[in-house]
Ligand code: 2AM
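Only one chain is included here, represented as structure tokens and corresponding to the form predicted on its own.
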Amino acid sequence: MIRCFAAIDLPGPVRDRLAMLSQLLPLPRRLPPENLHLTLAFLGEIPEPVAEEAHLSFAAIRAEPFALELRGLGLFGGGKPRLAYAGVAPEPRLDRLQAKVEAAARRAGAPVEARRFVPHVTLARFRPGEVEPARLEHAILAVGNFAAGPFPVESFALFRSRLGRGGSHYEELARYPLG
């Protein structure tokens, strides 16, 4: 079995800005800069033959390169937040790419969750009650209107996720150029 996901890797300067930004927020467990990415499809824990089929399906995807801009910060989880994130400015070409990646993963036999795609970059995860929502919301407002980019998206990748002490460790398995 292999735990994997398809994602857009972020350029170094964008990762650095996000890492610096997360230091300004009262977050209990920040993601390390090398783990920052934009998930297109989480495939979960799948057999290696399914991962190989997903790889072949991803390699057949055709999409044009585009530019992305990160814009704004937010929390998922309502009154008991569980995740802090940087938002992504609307980009129809990102939505089309994500739909193609999700469809390819399903054709390969990966049990991709059926939920609406909300593009974001996770900055930190935490358990409900682990942070004081009002304090975190105030800190997010104090940071102001965060923006990074635009930056070019010329590929996406298939990553393996290994859970371990200190969080997840990601390994790129394959990269798929756009264009």
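All residue numbers are counted from 1 along the displayed sequence. Computed from a predicted model, the values in this text were never measured in an experiment.
Keep in mind that the form predicted in complex with the ligand is not shown, yet the notes after this line are about it.
- Not one of Phe66, Lys100 and Tyr176 places a heavy atom within 4.5 Å of the ligand in the predicted bound form.
- Using a 4.5 angstroms threshold between heavy atoms, Leu83 counts as touching the ligand in the predicted bound form.
- Put simply, Thr39 is close to the ligand in the predicted bound form: some heavy atom of it is within 4.5 Å.
- By the criterion of a heavy atom within 4.5 Å, Ser57 is excluded from the residues contacting the ligand in the predicted bound form.
- Though the partner is left out of this view, Arg115 does reach within 4.5 Å of the ligand in the predicted bound form, counting heavy atoms only.
- Residues placing heavy atoms within 4.5 Å of the ligand in the predicted bound form fall in a single listed stretch, namely 115 to 123, out of 58 to 66, 22 to 30, 115 to 123, 146 to 154.
- Shown here without the ligand, the chain has only Tyr170 in 145 to 175 lying with a heavy atom within 4.5 Å of that partner in the predicted bound form.
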